[in-house]
Each structure stands twice: as structure tokens, then as C-alpha cells.
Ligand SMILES: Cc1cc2nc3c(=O)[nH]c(=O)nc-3n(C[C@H](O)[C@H](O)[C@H](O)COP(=O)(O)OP(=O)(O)OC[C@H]3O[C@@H](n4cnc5c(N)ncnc54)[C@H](O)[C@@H]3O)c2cc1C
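One chain follows as C-alpha cells, the form predicted alone.
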């Protein structure tokens, strides 16, 4: 054996190679393994991914006691019992338990239980259907895929281009969901979901929170009233919200963060969180070896196959269709089915809305913002529906008008908006804001995804007295419009 031959990395062939072992990659692997395809999964960090350790689970664990306390404060007979502050140490300890203290043993056991092989290290494409894995010790192994490679590497926080920002050690979503102590003063830069949820959580845990929003308001991808109602509640809770404000510079001296805004104001804080968008984690996965741009979002068809590459799939955040864990897992099920079908030599119908096409990404994406009050939506907003060329009507109802809301809490504040397509007589979208509305959104998701005719919705009778009675009020308002 020559010296060149002896240094070649070991090569192993699989039917499918998955880059990324977050919930998306796990679900792709689960589907392909269930169909009998040999599958390798490559992960550079923790098995379970962003959702399990730095996003969905820890953030909602932080927010659950905040929302439960807020609900209790609005119920006579219970409100006096919860007048004191939250036990921050207990909240953080419970959060830690949901992340398994950032250990992935349980997730590894689940993944291995599917029959997939796990490779730890940085996986990079080194040509068509070929992935080279470099482990922590520098060892390399080449994995080849007979049928498909699925890129499921997710996204990362995007930081603004501010001089010296690295030295400031700013929080991103990762630090905001994993911090082990409560900062006395916190500046949050951004107005989206991460910004509003983390402002809500840390304000309730004892921080003095200032939110700096470059645009005109919060949650600007939802109906305008959603951000307005969340901003009002955050302000009532003690947070300061400044809209139309950009950060000009940030420095840290002796532990104190100094923020200078574009209008010259100076704000001091103990920590600063930048929640200013996401970027795809594709900058170091070898895209250049197959003619794609490193660091780019990957364009896919409805079966999640990358344009121009019949063996390459991009599933979850990396394709920029819907940056939500539940949508990524939905896409993973679609991609898994498509990979299995193509591996069997069968065609995948391009317009099949069932098992092989992620049509929900276009018109029926649900989302819940777990603030107090909650904001939930599915489908199109009024502005989006109009831009898409639909002839629609917005139907608005005050949620406090239903008996279930009054029972839920004294002084219940909430609002619902239904977007009705006046030609097809179906729902194009629904937005709800108010305590407890997150558990209502799936009924709207079914109505939007299934294009249930308005005439049929009259026969879906809401239970009395629940907040779900808002459906009846919305239908009545539409009828009377």
C-alpha cells in the first residue's frame, strides 16, 4: 500500500445521508429507516438541535410560569396567592431540566433506536452524493449516498455589522434561552418573535427590559393589532419599548453594556440581546463543491429537492420557506416519503398535495407567540391576501364578547380576525390575540389547510362556554357584514 493510499479516509456507503440531527434531520432519518433505507446522520453539536436546547423547549419552559402567573392574577380567589415575584431560580432549574442540562444522551438513544448510524463531527459535501465527516480529533470518514443527501442544518442568529460587537459578547437567542442568572438590566434589539418572547420572559423574571425596534412596531409579520396588543401588555408589565430606533454602537466596559442609538441616546444595561433575524447554517458544508453558494438559503421544490440537484434535499430552516420547528418536521415527513418513493424507482407527482408535496408551506402555516397575551395565526394576513390577488374581507371580533373568555379571566382582552375569500367562500387566514389562544389555532389550521367552505363551518358547533365560541361570533359577523 502506498503512502497516499494509506492516508485516504475510510469510506462507507448508505442509501441516505442526513446532515444535521435536529428534529428535522431526526424525522427524515426516521422515515427513511422505517422504509428500510440505510441512513447515516451527521451532527456537529448536540443531537436534538436548536429546538431542544436553545429555542422551542427552553424558551417555552421560561415562559410557561410567566403566562400561568399572569392568568392567575386575572382570576379572583386566586390572584392574591400569586402577588409575589416569580421564583427565578426554580424557573431556571425547570428550564434546565427540559434541556437535560444540555446533554443529548436521551436524544442519541432515540436516534439510534431508529436504526440510523450517528456520526459526530462537521459534515461537508465533497462532491455529488458524498459527505466527508471530520471529527473533533481531526479524523475523517467519507460517507456516500446511493439515493439522497438531506441538508437539515437549520439556521443561526444573524448579528448586525457593528464595529467591536464580538468584544461586547452579546446575547443571541442561544444565550437568552440558556442564561443561568437574571440580568438586572436587559436591552432587546428587534421586534419579532424571539425579541417579544424573551422580553416577556426576562421582564417577568426581574429584569428591567428595554426593547429597541427599528421599524414601527412588534410582530410585523402578523396583523398589526397583534404587535400593538403585545406591546401594550409589555409596557404595562414595566418594559420600555422604543420604535423607529436603531443601534449605532455598542460597547462593554467593566461589565456594563453601553448602547448608543441613532438619535444619540445612551442606554446602559447588563446584557444586550440581538434578535435581528436568522441566517442559514450552510456556510461550511461544502456547497461550493456542487456549484452552490456557501452561506446561502437553498431553493427547493415542494418535495424539498434542491433545484438542479436530483439527489439533494434541503429540509427545514435552510430552505427559508417557514422557519418553524413544526413546519420543518412536516417538511421532513414529506422529504422522507419523496426519498423513499424515488429510491424505489417510482415518480413523485409534482402537484400531489398529499404525502409528497409540502403545500402547507404556502398558505397554511400556523404560529404561536407565547407572550402575555398570546398571539396566534395561520394562513394569510389581510395585507398578504390582498397582495396575492385574492378578493377578501377581514372580519374582526372582540374576544371578550364570548362567554368563555369572561370565565377564563376577569377583564379579558383579546381580538380575532378572520380573512374570508369572497369568491371561493373559504378562509384564507385567522389571527387571534389573547390569553390562551394558542390552543385554539389548530382548529383554524384545519379550516385553512382543508379549505373548508364557510357554509360547512356553521355546522362545526363550538362547545359552550369556551373561548372557541369565537368561531360562531366570527361567522355571524361575516354573515351580517
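Residue numbers count along the first chain shown, from 1. Since we're looking at a predicted model, the values are computed, not measured.
Below, we refer to the form predicted in complex with the ligand, which is not included among the displayed structures.
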Considering only heavy atoms, tell me if residue 51 and the ligand come within 4.5 Å of each other in the predicted complex. yes
Check whether residue 311 has any heavy atom within 4.5 Å of a heavy atom of the ligand in the predicted complex, and answer yes or no.
no
With a 4.5 Å heavy atom cut-off, would you call residue 424 a contact of the ligand in the predicted complex?
no
task = Examine residue 439 and determine whether its closest non-hydrogen atom to the ligand in the predicted complex is within 4.5 angstroms.
result = no
Within 4.5 Å of the ligand in the predicted complex, heavy atom basis, the matching stretch of 136 to 144, 68 to 76, 115 to 123, 219 to 227 is 115 to 123
Among 375, 201, 152, 339, just one has a heavy atom within 4.5 Å of the ligand in the predicted complex, namely 152
Contact with the ligand in the predicted complex, heavy atom within 4.5 Å, among 194, 212, 250, 111 goes to 194
When the ligand is considered in the predicted complex, the residues of 32 to 66 having a heavy atom within 4.5 Å of it are 42, 43, 44, 45, 46, 49, 50, 51, 54, 55, 56, 59, 60
